[in-house]
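Only one chain comes next, encoded as structure tokens, the form predicted alone.
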């Protein structure tokens, strides 16, 4: 008997590492991607006290990307994408995110095969709700991706964030996740000395934020200015390529690719926190989107590939 090796032709639009762990085309369902929810561990399924209300984030959903005038876009190839959305609420960018101002989706995975490198790739698009006149590009504050990783010594979160707009002014620059020097536990937790999260954990919410878009948890990618493709109307979406490569042996970034531009991040290390109880070998990929105004904004994932080496 002669054996033949075949693969899904859709992988041709990705550049995975040696071992593909998951290839998620959302025409086939959620594929394990889910909303971020609190830890319901107390009586009557109450969660622990937290400065961040995890129950407020809008749910992710399978979507054919319907628009007011364009009917349904479908996905890049097929019908459905995974849609992250926000509520119609935002705090100023110098303050902690308002409840409901972000949309988040993650996939709960564990380490497999003792990899030295991990990589996420995706084709995505973004747009505000088509609920008013105008381009709407300035209403999308940011979107990003991060890994939640824990080995036998540390928990750390290598990630990137595209700052699209702040206070209605377009910025269009990339940041990477790393805590600024000198940040204390109280600084990170909004002044609470015994706050829940250690510096370097959950940068998307915690830490002080500044007028220019910098913060305790985000640093600007050197040369990270990039004018991403955004069409002339909120009902027109285009699919963009994204890739982040991380060295989990060195606990360092390697590179970020956005469309055809590659940003070299070698030698930069995300902030290492002490390991948390009972989550050794965690590797969770997580996408998120933020609104800058009282307008819902959407982030669509056509397909995602997680691979290791």
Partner chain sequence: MHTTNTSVLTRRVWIRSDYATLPYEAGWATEAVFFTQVEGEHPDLTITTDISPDGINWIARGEPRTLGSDQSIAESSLTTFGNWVRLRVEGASEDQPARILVHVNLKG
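Numbering follows the first chain given and starts at 1. This structure is a prediction, so every number in the text was calculated from the model and none was measured.
There is another form of this protein, the form predicted in complex with the partner chain, and it is not shown here; the text below is about that form.
Visitor: Identify, from the list 282, 254, 62, 272, the residue with a heavy atom within 4.5 Å of the partner chain in the predicted bound form.
Guide: Residue within 4.5 Å of the partner: 62.
Visitor: Just give me the single entry in 80, 230, 205, 239 that has a non-hydrogen atom within 4.5 angstroms of the partner chain in the predicted bound form.
Guide: None of the other options qualify; the answer is 80.
Visitor: Can you check 244-252, 257-265, 273-281, 33-41 and let me know which stretch has heavy atoms within 4.5 Å of the partner chain in the predicted bound form?
Guide: Contact-bearing stretch, as computed: 33-41.
Visitor: Residue 52 near the partner chain in the predicted bound form, any heavy atom under 4.5 Å?
Guide: Outside the cut-off, so no.
Visitor: Consider residue 130 of the chain shown here, and say whether it contacts the partner chain in the predicted bound form, taking contact as heavy atoms within 4.5 Å.
Guide: Yes, residue 130 sits close enough to the partner chain in the predicted bound form that at least one of its heavy atoms falls within 4.5 Å.
Visitor: Even though the partner isn't displayed, in the predicted bound form is residue 213 close enough to the partner chain, meaning a heavy atom within 4.5 Å?
Guide: Outside the cut-off, so no.
Visitor: With a cut-off of 4.5 Å between heavy atoms, is residue 199 one of the residues that contacts the partner chain in the predicted bound form?
Guide: Outside the cut-off, so no.
Visitor: Across 218-249, which residues bring a heavy atom to within 4.5 Å of the partner chain in the predicted bound form?
Guide: Contacting residues: none.
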